[in-house]
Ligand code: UDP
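In the block that follows, a single chain appears as structure tokens, in the form predicted on its own.
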């Protein structure tokens, strides 16, 4: 199928650290990483340009360490390093599948990855390379959700795909509340007003100002990323209009 027939040409995929570990575990589960890589390769094969922002919560969460008394800047720097570990794991898995990949990082660590430069990243996308964006924004106090929104704007992505282990956005935690109601569609202002835990307020506000939709879906179901990009109504879409 040619990319011209698809709803999106260039997308940004935000992957939480949970996607890198096995259920109920921490660290890196190589089966989970291979599953994620296989899903990404599947949409790259459609001719869609894809940038992946990786989280690091399976290894270290800066916010949790800060709440326990650690200096916030040090904690966030450690969290950004965790995203690099995940990025390298994903890059290796993709390359094992013969998927042309580049990892770019907001923190200078040239022995392992290229520095993030907007024009260079766009050029990689134009050459049909999957790019992995690690290191957050390179600054403390900013989440990888904010990184995803920022990079989506910089790279001209048409949509942000928020890959989670839940099949959309609910009015309560579906893992704890059996009567939780799933939303099929929301507006950005609804997410901010109701304080729904989709992405942080800065990330939502940036998407709202630039009219870039967010689709939240369950990435653990094989083929779901491709279904979303083929236009199937999966998960919850957040947009302005």
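Positions refer to the first chain, counted from 1. All of these numbers come straight from a predicted model, not from anything done at the bench.
The same protein has a further form, the form predicted in complex with the ligand, not shown here; the description that follows concerns it.
The ligand is not shown here, and in the predicted complex it never comes within 4.5 Å of any heavy atom of residue 160. Using a 4.5 Å cutoff between non-hydrogen atoms, residue 168 does not count as a contact of the ligand in the predicted complex. In the predicted complex, residue 57 approaches the ligand with a heavy atom inside 4.5 Å. None of the heavy atoms of residue 220 is located within 4.5 Å of the ligand in the predicted complex.
Partner contacts here mean any heavy atom within 4.5 Å of the ligand in the predicted complex, and among 75 to 83, 113 to 121, 152 to 160, 92 to 100 they occur only in 75 to 83. Relative to the ligand in the predicted complex, residues 164, 226 and 236 are all farther than 4.5 Å at every heavy atom. Along 106 to 136, a single residue, 136, places a heavy atom within 4.5 Å of the ligand in the predicted complex.
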